[in-house]
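Only one chain is given next, in structure tokens, and it is the form predicted on its own.
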């Protein structure tokens, strides 16, 4: 593929609003996970919440979109000058030549949960101010982002579980390469809700403490929420030396099980190999791997087998979910931005909360930050149903 430029990017999660706070948390090895105190949830688990979302007010013209998911989207769009960058792109290319590609899993389902608390006691009708298509509907956050900027190009929502906002990079690339658009706003947004927390609890996948990826005693995930965005454009003739490029994308579907990964990591391996092939790189060319690393027994075991099969056990790697929590449909976007920060600042972030590595996994897992020049990063995002995506990013020079 022809590389694409991440001309601007931003991330908001439990470890910070915007890239500067995020980078500071990574350097200080500070986790954003706290005991669960979300809404009426009564579960012994940890979450990665974004408290600032409660301060966001929707503009009147977008009032029908008001829900936690779109408020977090707006909070994210207002960080790091990202909104100004998109407006500049509109002036350059035209509103109809910029696409929107957003990943999410539960979208604004919390708004529906809240609406059901206000059912009409006689008719059972939902309250009249509940607007399903602008809040819970999976397309809502893509539509909101499009309307927020007044864009008129194609808009797509991808909901493939935890690979959602990694796969948006592939959809955007295909439309840019075919000439349908000149630039794309890509990313992902997912927010806390009761359905997610109690759903993962029913599957026995929630940890009772801050999650510990690749630890010998790992016992489940910590659910987080986040918004991450990037502006994708063709690479100009004179890129800055610290410019971040999208070099390769690998997508696969092993369809092994509804919620469990293929035990040998078959789909994960196919995704990583596909990303390397598209980038024209060998495994030895990757300096750091941002692992999917959810901290469940089966996911970390399957991913380690796939990583070892492709890379061996030498390439430094870590999961950043010990800081952000597992942000589900936003995870791919969050970790794409973290990968970009790693490239620009020469920082391989430590995997937080992990105390004793599981020797059976055999990966080169970082328990402390490592600072050195990084040229290429691979980021993994693997979802329920065996939907997998790996992204390769690199510095322009």
Partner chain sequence: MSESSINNSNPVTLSAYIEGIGLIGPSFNDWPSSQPLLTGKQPYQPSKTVLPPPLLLPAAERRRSSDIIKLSLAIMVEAMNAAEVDAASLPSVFTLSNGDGYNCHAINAMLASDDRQISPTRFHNSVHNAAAGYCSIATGAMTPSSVLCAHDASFGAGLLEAMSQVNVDQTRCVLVATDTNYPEPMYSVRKIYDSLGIALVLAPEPSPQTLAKITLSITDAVADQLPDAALEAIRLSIPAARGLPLLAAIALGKPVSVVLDYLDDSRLALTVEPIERQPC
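Every value quoted in this text rests on a predicted model; they were computed, and no experiment measured them. Positions refer to the first chain, counted from 1.
In what follows, reference is made to the form predicted together with its partner chain, a form of this protein that is not presented.
- With the partner omitted from this view, the residue of 171, 315, 207, 74 that lies near its partner chain in the model of the complex is 171 [heavy atom within 4.5 Å].
- Taking 175, 281, 240, 83 one by one, only a single residue has any non-hydrogen atom within 4.5 Å of its partner chain in the model of the complex, and it is 175.
- Using a 4.5 Å cutoff between non-hydrogen atoms, residue 267 counts as a contact of its partner chain in the model of the complex.
- Contact between residue 25 and its partner chain in the model of the complex is not found at the 4.5 Å heavy atom cutoff.
- Its partner chain in the model of the complex is approached by residue 158, whose closest heavy atom lies within 4.5 angstroms of it.
- Taking non-hydrogen atoms only, residue 125 approaches its partner chain to within 4.5 angstroms in the model of the complex.
- The stretch that touches its partner chain in the model of the complex, counting heavy atoms within 4.5 Å, is 189-197, out of 287-295, 189-197, 224-232, 306-314.
- Residues are counted as partner-facing when one of their heavy atoms sits within 4.5 Å of its partner chain in the model of the complex; in 97-129 these are 97, 109, 112, 113, 116, 117, 119, 124, 125, 126, in sequence order.
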